[in-house]
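Here's a solo chain for you in structure tokens, the form predicted on its own.
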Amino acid sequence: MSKKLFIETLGCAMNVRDSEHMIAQLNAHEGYELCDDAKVADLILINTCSVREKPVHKLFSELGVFNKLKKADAKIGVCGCTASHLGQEIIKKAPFVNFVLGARNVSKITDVLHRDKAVEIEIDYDESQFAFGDFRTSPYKAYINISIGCDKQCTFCIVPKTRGDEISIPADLIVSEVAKAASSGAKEIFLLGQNVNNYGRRFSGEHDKVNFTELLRRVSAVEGVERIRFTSPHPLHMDDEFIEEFARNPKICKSMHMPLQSGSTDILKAMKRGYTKEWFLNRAAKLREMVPEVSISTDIIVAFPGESDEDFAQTMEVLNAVRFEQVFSFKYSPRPHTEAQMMVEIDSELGSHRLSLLQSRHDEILDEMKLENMGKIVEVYFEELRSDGYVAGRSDNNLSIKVKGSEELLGRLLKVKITQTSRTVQYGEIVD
């Protein structure tokens, strides 16, 4: 009988891919099969996020739950970014945890499994050329890492301290992985990195020096690839060559994630983001001009230390000017090992008020946008069967679309007319 693995993944798409890598390694080398019930699992993994404070708190409450319901001889491992920055402290707080594995040490999963109380959290460990086994959560799309780590020094962000310095994965390895995924039926490729458009800045050893724009061209040339998405590009590196390739290449989905963080140039400087409000607006305007149907999403932090009423007003100004299709917005949360942790925080209630104002205004924008979607015909890639009789997918510009249907729609690109709209999901009918 095979052993059972249960894994809970918190956080970003990179964590999803890290979980896929661990599943592949444990299956190929240890005989584990994935299950969806922690009570029957022989190994329980929590792949953690530490970008904000809330997921860190959630970790220890989840560990307590898993410890109560697990089988007597089952092991528990903590992986990911919180594992990287807390390390041994996790085992001190939760002594029933069997091992801790950092975000930069995924390939060591089969090693720590056999060393009780093992803690592997090196952030300078180089996995850029490690040959992971093959496992994908979805047969219809493939997440593929193009780099590991981050070279930016944003004063609010813990990621460089959990994932280490940025190293690009060689282009030939990426293209090979893309080809393998496409040959097995994945029509959509999702390229992952902390700052994807900084790709090519540093490799481990001698490799073909290509930038992100050239990598996009090579991936789009792979037979079987019909759609390419990526996250996250950094506004600082959104040069004309990149935007023009985004606009011209028909395989690149017309949705762009542009993390703003703040609309105030002064706050952006305090955050060490490297660009100004004017640069961000210029890049967004160029995108809208070259790709009228583009969907632009963003991240915004309100109440960063030192943010004045005028600074916040500048953020609201950018929100109104760009009219983002999606906003991930948060009140500033101090993170360990960051410069901003030492800065004086502003009043929490004021921060909550600003967040509410921002989110309310964005809801108004979404209500205006949803009316514009009514009656549009969009091409949808269907990838998820829902229990309510619907099949879900996304349009080229990232609209979430649901239609009545069954599994024969999965993995197909079909034209859909939008017949009902909301802020988050559109409903439609297939027209071809």
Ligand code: SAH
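Computed from a prediction, not measured in an experiment: that's the story for all the values here. Residue numbers here begin at 1 and follow the sequence given.
From this point on, the text means the form predicted together with ligand SAH, which you will not see here.
The closest heavy atom approach of G263 to ligand SAH in the model of the complex falls outside 4.5 Å.
For R335, a non-hydrogen atom is located within 4.5 Å of ligand SAH in the model of the complex, even though that partner is not displayed. For the chain shown alone, I301 is a contact residue for ligand SAH in the model of the complex, at least one non-hydrogen atom being within 4.5 angstroms. Looking at V403, you'd find every heavy atom of it more than 4.5 angstroms from ligand SAH in the model of the complex. For the marked spot (T9, T48 and I76), a heavy atom within 4.5 Å of ligand SAH in the model of the complex is absent from each of the three residues. Note on the partner interface in the model of the complex: the residue among N145, N197, N105, Q194 having a heavy atom within 4.5 angstroms of ligand SAH is Q194. Among the residues F156, F203, Y125, F190, the one placing a heavy atom within 4.5 Å of ligand SAH in the model of the complex is F156. Partner contact region in the model of the complex: 253-261, out of 80-88, 282-290, 211-219, 253-261, criterion any non-hydrogen atom within 4.5 Å of ligand SAH.
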